[in-house]
Each structure stands twice: as structure tokens, then as C-alpha cells.
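Starting off, we have a lone chain in the form predicted on its own, written out as C-alpha cells.
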């Protein structure tokens, strides 16, 4: 068994073990030990990693079977960074104190297995299998262990994402077919499809390739999500348990951006260049719409959910600038958003676990009874709105710098999104932590963070500060994966 097969297969086996052990306490122990081991294992894989342009590492493959379908995995800097983010956030989300049944812990391990398998897959068939696999445990996490509106949110989540997957399936079936028409050989391997010239100008398959591009883009856009396909996300975040929101925002949404970078841009370079003005504008629309919606939210989880829509717009803006700075900024923003938004959802979950309320108007003067929570919340919120010196600033500025080289008006509108971020984040913080507590406030029932919660948040804050002050190691890891895409434009 190779290193990457072990990476995704181990949490699947741990999920089965967590399901079968006799007590929830033992199940939680299995989950914590397994996720801690996987985090250490992903760091061990990264330590000797030497990225080169256009080169996959740790590759494993089997001989091609019928129609070119075969098991093939491999990593470059981008996929390895997302594997690390997955293992980190899964471990920290499950490390928060709490009592849950065996199925809860097993579902998160199964979700981790599917996400890791998705990021290492180099064959479209297995990419799609893992894409579908991650929907199942998240459906149960929302629908069983969520809040009062969990069933409605779970069914909306599965309906939107499954319909998006159907478009993805059509595109994925068409790509090997076109590859066969262009080369005479069947292959579902992503590196082979990247080298297929079927979408070049003058090709007889060019017109059909544009429709296939649109189908695949639609499938990925639902997962990000992009306007107007975003409607499922606020409900899913609001009703999911805190750990579910962490993985949903921190990792699952990145699968859509990863699909653009791994499949659409390299396989359809000319069509991607032609789509630049439209998808760049759509990214700016995401930034502004998400920020404006966040300004009027009265539920803390719903507010953070709309910030995810806004911040992932920066990923699309940077990605579809098709410049070195923009692509690096979009990829770095995926990591940064996972850390910052994951920390915010964890803290809202810590508040909700104590008082079972999370409305902005439910609190006031919270810094007096929970000063440590106030410090961490302020620190992460400042990183989320892009304060210089913290991680959010670097990714957003690189994305906007890349877009400014292509379209200065779109970049200027993106900057406006940063201003709006302060307009929704700072008043909400002031109301919850500094304003006087009103009648019926939940503030008197609050207690400050315990040691294990502080350790989790210190870890995330240290990474937020490190990536804000010294992001070069991560950028160096990501750039070789992105360099071939710069030539697209």
C-alpha cells in the first residue's frame, strides 16, 4: 500500500472502528487519535516534499481497465497543502469538548477519508467517486446532529450539491470520450486529459468542448458556491453542528475551487481565457453580495456563512486573473479562509454550547465575563476582514493585484468588498462584546474558555499570524502547481 492510498484509506478504517466500539467515549478516543495521527502523517509527507513545475509526487497507479478507468493518485504542492488543511481542521474540530454518539465521530472520519481521496485523485472516475462520497457523511452530520431546522437544511444541501454533481458527471463522461476521438485512446487520467488538444481553436470538437466546460463549471460552482447557486449554504451552516460548519467552510467549499484549478483551467486553457471577464465579474459579485448580506444578519453563524460566500469570491477573482500573483493569491486564500472561518465557527459553537443562543442581540458586554474569548474572537475577526499582518490580507491582496493587471475596474470593486467586510464584522463584534447587555441577555450565563479550547484557538491564531507575516513557504509550495496555468492567458 502506497503512502497516498494509506492517507485516505486509514480514516475510512478508523470510521468503521469508531462506529463499532462499544461506547461513545471510546469512539471519541478513536476519532481523536486517528485524526491526530493523520495530521502528523500529512506533515511528514510535506517535510521532504520538493515541488517541481508540472510534476506529481508519490504517484501510485494500476494498469488501465475498461475505457481507461484506473486507480491513480498523486500530489503536487496544491493538493498536499489541502490535504494538510483537511487533517488539521478535522482534528481541531473534533478536539473541542463534547459528548456525541458513535455515528457522529464515524461520520467525520468518513468525511475526512473522502476529502483526502478527492485531493489526491488523478483519475476523473475516482475524483467523481470521492466527490460524491463526501456528500453522504455531511448530509448525516447536518440532518442528525444539527439544530432545529436541520432536516430542511440537510435536504437543501443534498439537493443542490447532487444536482450540481449530475452536470459534473455529464462533463466527466464527455472528457474521456473526446480524448478518445482526438487521440484514439481511452483515458480518464487528468494528466492525459490536460495534454489533449480537443478544445483548441479550429478543432472540430471546440463547440462541444465549450458546453462540456460549462457543465463542469456549473458542478464546481455549486460547491464553492457562486451566485446564484449559493442558497443552500447559509442554511447548511446555520443548522450544522459547529464541527460540521468548520469542515464545510474550511475544506468542502475549497473542493470547488480545487476543481477549477486541477481540471478546468489546465484542460480548457483557451476557453478559460475567453471566460475570464465573465467569471472574474462573477467573483466580484460574490464578494459584494456576500458582504452586503452579512451586514444584515442577526445570527452569528449565518453572518459567518455569508462571509464565506464573500471571501471565496476572492479565490475566483484571483484564479480567473490567470496571472502568477492572482493564482497564488487564490490558492493561498483557500488556506487562509479555512483557518480564519474555521476558528470563527468553532468560537460560535463554544458560545452556543454554553447558552444555546447565538443571536447578535442575545449578548452584550461579553468581554467582561469571557475576556479570553473576546481576545480570540477579535484576533480572528481582524484576520477575516484582511488586516495587514494577518493571513487574510495576503491572499486577498495577491488576488486583487492579479485582477488589477487584467481589469482595474473589477479589482477596484473587489477592494470595496474589503471595506464592506469591516462594516459587517466590527459592529457585530461591538454589539456582542462591548455594548451594554440588554434585558434577557445570555451574557450572565456565559463562562470563559477552558484550557483545551484555548489550546485549539492558540494553534489557529499562531498559523494565522505566521501566514500573515511570512507566507513565502506556503507560496513556494503552491507556485509550481500553478505556474503552468499562467500561460493560459
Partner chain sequence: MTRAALVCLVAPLAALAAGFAFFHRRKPWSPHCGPGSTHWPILLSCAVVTASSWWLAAQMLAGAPALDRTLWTWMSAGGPGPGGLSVDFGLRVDGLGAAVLAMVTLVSGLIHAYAVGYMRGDPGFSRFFLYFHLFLFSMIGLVLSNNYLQLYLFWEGVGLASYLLIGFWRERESARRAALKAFLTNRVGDVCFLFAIFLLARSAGTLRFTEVFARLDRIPQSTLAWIAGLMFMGACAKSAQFPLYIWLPDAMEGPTPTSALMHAATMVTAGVFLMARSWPILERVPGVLDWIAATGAFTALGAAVLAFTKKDLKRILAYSTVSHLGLMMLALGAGNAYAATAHLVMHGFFKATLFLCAGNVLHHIGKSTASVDEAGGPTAGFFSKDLIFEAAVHRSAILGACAALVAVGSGLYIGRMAWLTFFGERPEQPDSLPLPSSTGEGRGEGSSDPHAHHSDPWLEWPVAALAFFSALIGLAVVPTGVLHRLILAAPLWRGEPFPHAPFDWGLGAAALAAALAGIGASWYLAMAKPSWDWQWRKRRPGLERAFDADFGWQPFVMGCVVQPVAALANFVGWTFDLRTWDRFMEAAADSFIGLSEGVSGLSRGLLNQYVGWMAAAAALFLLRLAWVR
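For clarity, every value in this text was computed on a predicted model and none was experimentally measured. Numbering follows the first chain given and starts at 1.
From this point on, the text means the form predicted in complex with the partner chain, which you will not see here.
- Not one of 266, 274 and 317 is positioned with any heavy atom within 4.5 Å of the partner chain in the predicted complex.
- Of the listed positions (100, 180, 354, 152), a single one reaches within 4.5 angstroms of the partner chain by any non-hydrogen atom in the predicted complex, namely 152.
- Taking a 4.5 Å heavy atom cutoff to the partner chain in the predicted complex, the contact residue among 385, 106, 221, 300 is 385.
- Contact annotation for residue 435: at least one heavy atom lies within 4.5 Å of the partner chain in the predicted complex.
- Residue contact with the partner chain in the predicted complex: residue 13 places no heavy atom within 4.5 Å of it.
- Although the partner is absent here, residue 477 is not a contact residue: none of its heavy atoms lies within 4.5 angstroms of the partner chain in the predicted complex.
- Remark: residue 426 counts among the residues lining the partner chain in the predicted complex, judged by a heavy atom distance of 4.5 Å or less.
- Figure note: of the listed segments 320 to 328, 239 to 247, 118 to 126, 74 to 82, the one touching the partner chain in the predicted complex, with heavy atoms no more than 4.5 Å away, is 320 to 328.
- Applying a 4.5 Å heavy atom cutoff to the partner chain in the predicted complex picks out 152, 156, 160 from 147 to 174, in order along the sequence.
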